[in-house]
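Just one chain is shown here, as structure tokens, and it is the form predicted on its own.
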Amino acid sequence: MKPVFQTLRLLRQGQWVNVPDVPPSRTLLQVLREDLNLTGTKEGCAGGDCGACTVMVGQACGDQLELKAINSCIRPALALDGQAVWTVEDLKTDEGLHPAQEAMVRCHGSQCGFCTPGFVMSLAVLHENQGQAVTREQAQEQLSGNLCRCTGYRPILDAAVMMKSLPVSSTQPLIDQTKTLSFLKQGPCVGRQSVNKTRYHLPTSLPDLLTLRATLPQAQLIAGATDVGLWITKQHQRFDEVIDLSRVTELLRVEDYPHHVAIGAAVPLAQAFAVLAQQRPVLTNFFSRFAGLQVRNAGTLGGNIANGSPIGDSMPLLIALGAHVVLMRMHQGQVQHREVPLEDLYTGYKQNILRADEVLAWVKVPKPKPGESLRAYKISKRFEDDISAVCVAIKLELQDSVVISASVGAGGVAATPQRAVQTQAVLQGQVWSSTLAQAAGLAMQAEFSPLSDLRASADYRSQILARLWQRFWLESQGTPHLDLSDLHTLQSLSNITQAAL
């Protein structure tokens, strides 16, 4: 007898669409293509890298409609229960093409066309969210999670800039926000139970989450599913029980305190990074290199930490910043919590101290102090949408050129993200100088024994650890460096090259 799973409700074109019998491990892309016959959305990498599967999702956020571009290939479909979804089929109206589509046509932004629907959806989100003309820099960031191997990016960036100059349809806009919000506020029956052993839980409060976790310690926890989604698509894992944190109200908050900011575990990476970059603008470029925008829109800071990958980008930085994590559980009817430094969370490769009934609930990040000098470095083969070979974050507090506090986090050089304790000891109480930076680099090389893999050799990683200290010293003295994220710099280099030819 065919098992009966949960019914998924999606809002499409102002109407609820019901998809019955959706298993917890079925992705949104599978539902769109196979159940709803919306084949304009493509599967490319099935890993959240290429962006061919990009769709636009919307949810009510107060009196506003929050629109985001996400990868549908790795997002469990039931995670979108009760939310609005737009695919490339939804953009065209009787009045003509959406500005994102029309601009792509006029600028010749498509050749083979396989990646085009994803580019169009990313551009559509940018167009709908942007109240003014789009700059090439904004387009570059918006498209960081979309890959094209035919046309190249120049005509696609041209299309992004052109969108706002195209005539606006005289009919209703793509999104009738009032109607959509009224539908979304009615909402589905969130967290409905299925009638057999397989369940997908969407708790909306922290007590409900902790109670569920205590009852179902074997269930798979997910938030943005940007990693668990790969287990589904690449490793073909299936889950009998899933607890999704993405609707827990308390864990979606960012709370500001005098000496630290507390970020809920379900806060999307894009939002968490924006908060941290506002406090420390020097981190803006580092955050923009974390995967692509679709992944940052879906993935969460708590999930990246709990995953515990030795090449996760957020952990070395948070270790350097002195972040703590708050672990919570429901025990004998009482909520219990404990707080530990982030680096003490890990016990081995993707292993941690979390009890079976615990969840990682909060990340507490100290605010900047006077005299703080901070840099975070990501070394990877691609500038954007790539995994680190080495990630190092350095925070020094200086007083009269003396290092009164040193905090260093490292990733990609050990089985877990780690604090460079021995390197910190070399720095403590010493006069900050080129000689000390060199000593710190040698100490860091001695402290870690990295492995060779497809991303980098052990020798390369070891050399990078020393070279980054030299770079940090030069930058601390005001020496500028080439920032590859600066499109103006790239354009100037391009002009120089063309003139030379």
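Position 1 is the first residue in the sequence shown; the rest follow in order. Since the model is a prediction, treat every value here as computed from it, not as a measurement.
Below, we turn to the form predicted together with a small molecule, even though it does not appear here.
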### Query
E89: heavy atom within 4.5 Å of the small molecule in the model of the complex?
no
### Message
Please determine whether T226 contacts the small molecule in the model of the complex, using a 4.5 Å cut-off between heavy atoms.
### Response
yes
### Task
Indicate whether E128 is a 4.5 Å heavy atom neighbour of the small molecule in the model of the complex.
no
### Query
At the 4.5 Å heavy atom threshold, is D385 in contact with the small molecule in the model of the complex?
yes
### Query
Is every one of S407, F472 and S476 within 4.5 Å of the small molecule in the model of the complex, counting heavy atoms?
no
### Message
Please identify, from 411 to 419, 78 to 86, 290 to 298, 136 to 144, the stretch that has a heavy atom within 4.5 Å of the small molecule in the model of the complex.
### Response
290 to 298
### Query
Though the small molecule is not shown, can you say which of V161, L252, L230, V275 has a heavy atom within 4.5 Å of it in the model of the complex?
L230
### Task
Let me know the one among L396, V426, V242, A306 whose heavy atoms come within 4.5 Å of the small molecule in the model of the complex, would you?
A306
